[in-house]
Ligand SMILES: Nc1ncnc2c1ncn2[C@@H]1O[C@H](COP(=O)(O)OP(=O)(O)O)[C@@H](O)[C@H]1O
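Heads up, the chain below is alone and in the form predicted on its own; it's given as structure tokens.
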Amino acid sequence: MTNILKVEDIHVYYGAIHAIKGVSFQVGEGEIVTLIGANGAGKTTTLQTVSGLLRARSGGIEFCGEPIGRVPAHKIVERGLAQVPEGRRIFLRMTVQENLEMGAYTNNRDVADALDYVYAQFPRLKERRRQIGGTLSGGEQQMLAMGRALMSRPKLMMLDEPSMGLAPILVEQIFEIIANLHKNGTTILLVEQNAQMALSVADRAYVMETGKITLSGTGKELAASEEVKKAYLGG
């Protein structure tokens, strides 16, 4: 399997605080890989470092075989990496379709095709395409944030806490969508506090604690692990 993303021994600091301590992991083409862990474990910081919003002090990051550790964030997007941020961050005063079109700024020749693709994945967004983003429900806003990322036809989509703040029935819907995107060939790196849902869709998973990876394995292996059950699954 070809690795789309390879993160090797990265160390990230916030001033004097050593936030990420020697983290290494890979994401293979066509996989869902998840990082689970408690709030403050370093999951979001890891994603922001991969996407170029933060810089690692040492270590390496390769995307599609090329080093990106010093590449500006907007250039990383152009190479095919899209991040769906924690808290969704949609444009509240724009319509659904305008939000989606903003996601196509690196892919502006194929906007119509990209819209057709996104609307096929998210029929509800098509129904609401003229609706103002800020009037959508939380679950619909999450769909819109994911759809906006897909507009750039990414080689890798990174999702940061997609279930945050959603009712349990909406969490199930969002994870069904993630599983369907995966089935349709999207490679996904997922950061999620809801360990049970994350492990249920993941090919492979890593557990993060205080800036380090402490466990790794397949989604099924970690879901069955007594240590993981005790810490994250209420077992």
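Worth saying up front: this structure is predicted, and the values here are computed from it rather than measured. Quick note: we count residues from 1 along the sequence shown, nothing fancier.
There is also a form predicted together with this ligand; it is not shown, and the following applies to it.
The stretch from 44-52, 172-180, 66-74, 24-32 that comes within 4.5 Å of this ligand in the predicted bound form, counting heavy atoms only, is 44-52.
The closest non-hydrogen atom of L215 lies beyond 4.5 Å of this ligand in the predicted bound form. Interface residue remark: P168 is not counted as part of the site for this ligand in the predicted bound form, having no heavy atom within 4.5 Å. Residue contact check for G60: none of its heavy atoms lie within 4.5 Å of this ligand in the predicted bound form. Of the heavy atoms in A19, some are within 4.5 Å of this ligand in the predicted bound form.
Contacts of stretch 177-209 with this ligand in the predicted bound form, defined by any heavy atom lying within 4.5 Å, are made by none of its residues.
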